[in-house]
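Only one chain comes next, encoded as structure tokens, the form predicted alone.
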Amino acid sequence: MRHLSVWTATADLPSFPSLDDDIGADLVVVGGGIVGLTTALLATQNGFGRVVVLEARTLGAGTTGSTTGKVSAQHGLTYASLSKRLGEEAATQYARANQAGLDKIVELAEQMSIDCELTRAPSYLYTHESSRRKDLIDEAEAANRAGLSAELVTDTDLPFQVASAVRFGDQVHFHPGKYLAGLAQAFVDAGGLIYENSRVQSFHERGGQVHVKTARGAIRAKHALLATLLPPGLTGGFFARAKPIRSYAFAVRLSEQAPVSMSLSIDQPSRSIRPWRAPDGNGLIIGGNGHQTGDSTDEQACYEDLQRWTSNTFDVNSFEFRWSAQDYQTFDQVPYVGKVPLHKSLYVATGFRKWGLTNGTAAAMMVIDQITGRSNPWQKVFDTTRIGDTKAIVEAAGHNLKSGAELTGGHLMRALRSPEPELRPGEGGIVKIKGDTVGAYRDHDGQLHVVRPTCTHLGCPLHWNKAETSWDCSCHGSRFTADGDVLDGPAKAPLHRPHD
């Protein structure tokens, strides 16, 4: 089994050079995932002049390349919650935005002749617990009031009985890696520029332009979009307005016919299922076991639990790929999309709650409308300056208190841990070397990798993730390699080394 996303492993994604010059642009998009590439392509279609995409690593290396590939307006228990917390109109506009996102993906795939295995299928939200049937009744009714077609059923094509399920018909699943490749090619064919391995180091507004700097180049643009999972640094305070969530997935080959449908449980731990076009045709993508990034959860145990459940539920021929993904969840369940507060030409799209394919595509449409001065009926619901309802405020306060406790108490607890006398190959953690408390990982060749395990974003202590061999921050979700390079922001700088 390969520890790699099936989508990046089986897509012929194009490669691009890094930025090593100073250039001008009408729009610079930071982030080469579905939000960034869709926005860039729509900008070229809307008559923008020079449009540039900057990607810190390679296209699809972030969350888009690690999704389950579900393109659906069914987002768990969402519509009943939104109706109750934000009102019927907010739920309706959220539904319309995500249905429009789904439709736009289908439209672009057809328009650009992108061969991305796009397939129509029903989607089920289910429970095994009869006591939770009322939750699904409320969700189906709220979805219907929001303009979506939802029905309550008890029969599915899953290999187990459910107590109840909400069925959305005519949803979509696809190969996100192949779709990204198609978007990138269409964008470049339209005159767009893409630069990979070009992590943004700084950005600011001056003289009516946004100035963006990378390690070896810079861009001056009329407008800039931060489509980077979470905006880098302290921008807009979004790091305090959303929490990071990680989840896990397998691509498996079955010895039996795979279900045609997509599905998601409301029971915990969560289980997400969709068919996958494996080499023999009978494949599944299984996801679940989400938790906050960098908490005390044993990431390896999350994989093992999901693998065990999959083997017990399906006739598995082989486990082909395994990977994890990260996203951010706002405290009122709605992403932030639009102009960054207190900025004139800087835009953001973040907080997709693991539903970034439809939400992210809708976000691209909203950003283009806002830049061009067109009104958009969904924009108010996704407004970046909103405070949220009372429940959101309370949850945000609790999360930030926890982060503050981690910032102060985490350092103390780390310093009080007993030193590890030796790390075996493949092990990592907090150790003492010559009396100095450091973060260390010994690779399988025996080489020791040592860093200061303190996040360069706001100084929170880091936790070793043995399943991904990474240093993770539970405060705001930054992640680093064993050598300290940034994997995920909002941190912009690599970890310090003991000799720094």
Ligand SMILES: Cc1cc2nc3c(=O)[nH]c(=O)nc-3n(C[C@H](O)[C@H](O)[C@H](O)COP(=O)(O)OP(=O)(O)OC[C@H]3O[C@@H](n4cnc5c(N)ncnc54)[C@H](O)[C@@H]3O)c2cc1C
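Only a predicted model underlies this, so the values are computations on that prediction, with no experimental measurement involved. One rule holds for the numbers: they count along the sequence shown, beginning at 1.
There is also a form predicted in complex with the named molecule; it is not shown, and the following applies to it.
- Of the candidate stretches 428-436, 23-31, 463-471, 44-52, only 23-31 has residues whose heavy atoms lie within 4.5 Å of the named molecule in the predicted complex.
- Among 299, 332, 327, 139, the residue placing a heavy atom within 4.5 Å of the named molecule in the predicted complex is 327.
- Distance criterion of 4.5 Å from any heavy atom to the named molecule in the predicted complex singles out 199 from the list 220, 199, 386, 96.
- In the predicted complex, the named molecule sits beyond 4.5 Å of every heavy atom of residue 79.
- Put simply, residue 143 is far from the named molecule in the predicted complex: not one heavy atom of it is within 4.5 Å.
- At a distance threshold of 4.5 angstroms between non-hydrogen atoms, residue 450 is out of contact with the named molecule in the predicted complex.
- Contact check for residue 293: no non-hydrogen atom falls within 4.5 Å of the named molecule in the predicted complex.
- Residues 62, 63, 64, 66, 67, 68, 69, 70 are the ones in 62-92 with at least one heavy atom within 4.5 Å of the named molecule in the predicted complex, listed in sequence order.
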